[in-house]
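Okay, so we've got a single protein chain in two different forms coming up as structure tokens, structure 1 first and structure 2 after it.
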Structure 1
Amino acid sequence: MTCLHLLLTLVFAVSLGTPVEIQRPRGVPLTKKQFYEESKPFTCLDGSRTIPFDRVNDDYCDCKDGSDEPGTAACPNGSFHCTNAGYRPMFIPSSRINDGICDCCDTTDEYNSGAKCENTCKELGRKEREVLQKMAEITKEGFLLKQQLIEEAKKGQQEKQSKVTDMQENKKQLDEKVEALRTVKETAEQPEKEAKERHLKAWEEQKAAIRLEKDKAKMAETFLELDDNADGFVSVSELQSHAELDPDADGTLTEIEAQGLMGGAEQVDTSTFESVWPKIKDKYHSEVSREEADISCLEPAPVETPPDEVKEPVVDNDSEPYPEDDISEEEDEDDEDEDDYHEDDDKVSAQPTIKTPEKTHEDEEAMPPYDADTQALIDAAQKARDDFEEAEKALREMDDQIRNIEKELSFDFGPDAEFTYLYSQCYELTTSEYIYRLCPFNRVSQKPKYGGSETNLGTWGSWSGPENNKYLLMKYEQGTGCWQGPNRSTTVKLTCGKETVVTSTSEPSRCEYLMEFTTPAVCQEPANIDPSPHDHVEL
């Protein structure tokens, strides 16, 4: 019905086209016809001057506003009206009249240029109506979808809101629980600590007693060794046989020096040897087992190379064979990082191996196990600790969850939260070279189709549409830096569509990307009256 009506209108317009044109000067729209009356002088529309009517459209510009030459190119600022019956009427700058280029679909702008223009208004009108109709359908359906989205978003938001409230409630309880457990833990730890300390002290004392005994035994043994003639005395000369005891380290133990060691006496018996022993015990080499003594002497062994150190260069060598040229810088850096980790590992593992022998020598015996009471205290404390940590972890997780939801709730998802559904989604577009990925409110990225690493084209910045509707553009900023250039950024242009899809990407300026994205969320409510463009066709 609509179509038929349109056709009739068109025929009417075309058949009456010519007489209508005659009634007003070329290039004048119907709405301004009343200003151009052939019988009267013409006053420029800005009122600046009045000229005889025969100077209207006489191909000379008389009015500053260009209003005297609507149908010629004489004025630099004039505009020409094409009726474009069957399509949309429009104004073009008067500089496009007779310039050899067909601008008006009804060909009226090229009346004297020799340009061969065809009237394409019908065709254009048909196409436009098709497009508009399609658009209207899309808008309509899109708007319905949008309502759903809004509903869902509202629901979702409420759910989340209440979830957060619930969680916050739970969190309070958790908080209390953690605090309670902390007290339990601390209460259990105090006796544990005391019992452990006690145990340790006893062990230290025991160790000291053992050490003293050992020393005494060694002293007696030494006395016997030194007392070569077994007369029950160690004499100066007997002592001199041990050059290692030389206090000034000149290689020889002189008589005076030996005497000095023996506290001025010529000889000492076992009891007086007790005062000599502390002066010599560190240097003394046993005669019986020199080899053993050597080892004990060299005990700290700083010069000895621990086996692990030998390995280290091997690890280093491993990193060398990588051909430098073949890897991109980024990869290179990664490799270096890995190498660093390797080295660190080596150092960490090497240290204990150096220290271990010292320990085993010093503490020949391990600490005895805790007694049952102490162990019970320890076990109790450990359980309190575990319980506490578990609760604390649960609290942290709860916090994270709350934070995430709050973060989500804090995003500006549009006046009616219609963009909520895009959150935590990603949309891809594959071009001839790249796969583009838009994760709304998060980031935009680009990945070569045939292998290669992903490049960040920007992370969520803000809505940046025009003032009257900022929700038409999204801005993603601070992506990967460009060589000698800025950080990559992406503008996402949103248009109404039934589907949510990335329709195109481009890079108008280096490292500044433009992405087109359709979503029902920007569909506007269709106008109440059914859009029918032909209604505006002028007669």
Structure 2
Amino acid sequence: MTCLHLLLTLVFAVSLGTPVEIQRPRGVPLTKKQFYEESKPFTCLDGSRTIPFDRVNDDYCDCKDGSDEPGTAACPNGSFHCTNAGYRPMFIPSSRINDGICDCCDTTDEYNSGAKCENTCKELGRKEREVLQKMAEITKEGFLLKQQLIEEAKKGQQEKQSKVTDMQENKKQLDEKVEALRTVKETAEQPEKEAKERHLKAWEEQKAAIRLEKDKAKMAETFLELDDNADGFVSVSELQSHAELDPDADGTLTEIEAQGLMGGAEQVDTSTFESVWPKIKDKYHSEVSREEADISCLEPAPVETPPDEVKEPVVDNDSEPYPEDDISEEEDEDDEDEDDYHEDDDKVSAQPTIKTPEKTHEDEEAMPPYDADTQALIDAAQKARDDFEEAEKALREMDDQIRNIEKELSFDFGPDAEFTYLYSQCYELTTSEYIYRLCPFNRVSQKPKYGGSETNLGTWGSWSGPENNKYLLMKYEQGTGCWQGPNRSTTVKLTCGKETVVTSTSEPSRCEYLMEFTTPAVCQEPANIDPSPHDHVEL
């Protein structure tokens, strides 16, 4: 039976019974009456000495432990017992006896001070009984809710365990499916790889042939450009006209240097020029390109009119701008005269047209589409990859589900799993400055009410209550570090309540937080309190 239940029983008994006072020295509790018998000498409770009984409460301290003066202020270490009939008995230090301040609700501590004290024990007892009765009702309702939580938790655990068993069985089948699809994928990828390699090789060969043809055409074009007199030969003097071919980069192509490029010959024909071409093709500048560049330099650059200076056409206010019916007489007669149609068509064709962009070097280097057979192999391999990846994804998701359920089942949710319902839930408390968030078995956080980043006040550590019930306190550790201080941590104190709610937060020590949390899961079975109106307590 808890202290609350004992206290409630006592209060009910006091309120309903008729107290009978048992004679004993002032300030002595009923539990110690046997040590204070007037017919015998008094032995100090610490056993230090024995004195005549008439020296008890004689306002002189004889015992070291102050036990001979329970009703006076003579001993500095003595204590006075307040009977407080109708309320809770209590002890006060002997120094408060007759000090003019009413400490005992029954006024017994001020018996000789002249202080005007009023006996408030009955009123205090009434108020406390109301509080205790309310607490008892909350405990009773909370305990009933707790029983429901236990029942639901056990049912949920059985379902989850059964689900894990089924999923593990399905996982074996999915493992086999993944391995089978892996084999299909690898089998389909091999011919795909070979077909792609053949296609790429053919394209590389085709590109090499195209580059070779272009190089030959460029060589023939260059030969014709160098052959100034069109005699079918390129001479040393004709080659010297291209200073960019100078091998020593001194700006002048000498006769000796030109002969060196031509293999020592004075002139070469088209067949011999094939051996000269590799030596000059990288430096050679086409005369046509140079002429085009010179012409472009001579042409004046077009003057662009700023957008804000473009003048709008003036429109006569008496007529509509750009009327469709008055564009031209020819357009009015389009449907009647076919010749006029062709005339208009010629006019349109004479207008500038948008040029189709020529193929760039990148376009020419782009690999052509795969042939039908190769594409079929690629499509088959891609389908095999898609099937494999889909099955592999399903396997990963199943592994995650099994892992999450097993993690949940591994938590200590109390003797009867009554705290299971708190898992994966979060509860908030908003204060004037912060929003506190408690996610049981996960973390505690704090966020400024009017914007700002969240601060971790600790992640789940363990139950840290007393030995007789460790489930009264939760410990959350290793939160965000304080400036030049330790990592933040939070202790969550659990109390019985019908609702699950965070009721308060505080910071008793720097970076160490305390959170009050009510939940039905900690409610204990209430005692059967049914005091009889005939019972009484002797005081």
Partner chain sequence: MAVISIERMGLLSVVCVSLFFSSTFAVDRGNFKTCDQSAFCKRQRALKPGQSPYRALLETLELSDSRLTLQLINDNNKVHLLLELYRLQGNMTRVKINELKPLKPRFEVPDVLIAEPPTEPLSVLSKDDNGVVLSLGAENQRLIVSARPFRLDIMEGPEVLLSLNSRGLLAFEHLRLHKDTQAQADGAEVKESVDGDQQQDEGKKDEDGESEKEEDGLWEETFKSHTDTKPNGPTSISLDFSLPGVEHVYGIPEHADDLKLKTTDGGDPYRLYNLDVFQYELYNPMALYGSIPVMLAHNTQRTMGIFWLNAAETWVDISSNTAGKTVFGKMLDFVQGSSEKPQTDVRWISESGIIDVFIMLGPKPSKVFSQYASLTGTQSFPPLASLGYHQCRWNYNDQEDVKSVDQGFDQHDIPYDFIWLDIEHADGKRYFTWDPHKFPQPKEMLQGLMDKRRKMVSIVDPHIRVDSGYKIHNEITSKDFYVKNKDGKNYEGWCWPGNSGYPDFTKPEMRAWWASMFAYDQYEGSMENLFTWNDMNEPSVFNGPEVTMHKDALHGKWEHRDIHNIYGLYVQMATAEGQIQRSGGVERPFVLTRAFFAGSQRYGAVWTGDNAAEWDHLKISIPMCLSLGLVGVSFCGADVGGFFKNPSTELLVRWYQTGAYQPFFRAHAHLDTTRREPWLFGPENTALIREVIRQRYALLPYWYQLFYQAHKTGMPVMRPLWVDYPKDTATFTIDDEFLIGSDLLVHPVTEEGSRGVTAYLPGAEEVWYDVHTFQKHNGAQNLYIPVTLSSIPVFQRGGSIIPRKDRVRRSSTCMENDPYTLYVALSPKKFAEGELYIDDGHSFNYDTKKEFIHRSLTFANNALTSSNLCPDCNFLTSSWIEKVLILGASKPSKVLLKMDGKETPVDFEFDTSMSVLTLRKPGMNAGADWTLLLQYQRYFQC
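All residue numbers here follow the sequence of structure 1, with the first residue given the number 1. Between two forms, the rigid core is defined as the largest C-alpha subset superposing within 1.5 Å. Given the structure is predicted, the values throughout are model-derived calculations rather than measurements.
**Q** Kindly point out the structure, among the two, that is the form predicted together with the partner chain.
**A** Number 1 is right.
**Q** Using the core for the fit, does the CA position of residue 89 change by 2 Å or more between structure 1 and structure 2?
**A** Where the cores coincide, residue 89 still shows a C-alpha shift between structure 1 and structure 2 that is 2 Å or more.
**Q** Taking the rigid core as reference, does residue 122 move its C-alpha 2 Å or further between structure 1 and structure 2?
**A** Moves: yes, 2 Å or greater.
**Q** Is residue 454 among the residues whose Cα moves by 2 Å or more between structure 1 and structure 2 after superposition of the rigid core?
**A** Yes, its C-alpha moves 2 Å or more.
**Q** Report, to one decimal in Å, how far the Cα of residue 76 moves between structure 1 and structure 2 once the rigid core is superposed.
**A** Shift of residue 76 at C-alpha, rigid core superposed: 8.1 Å.
**Q** For residue 110, what C-alpha shift in Å results between structure 1 and structure 2 following superposition on the rigid core?
**A** Taking the core as reference, the C-alpha of residue 110 is shifted 6.7 Å.
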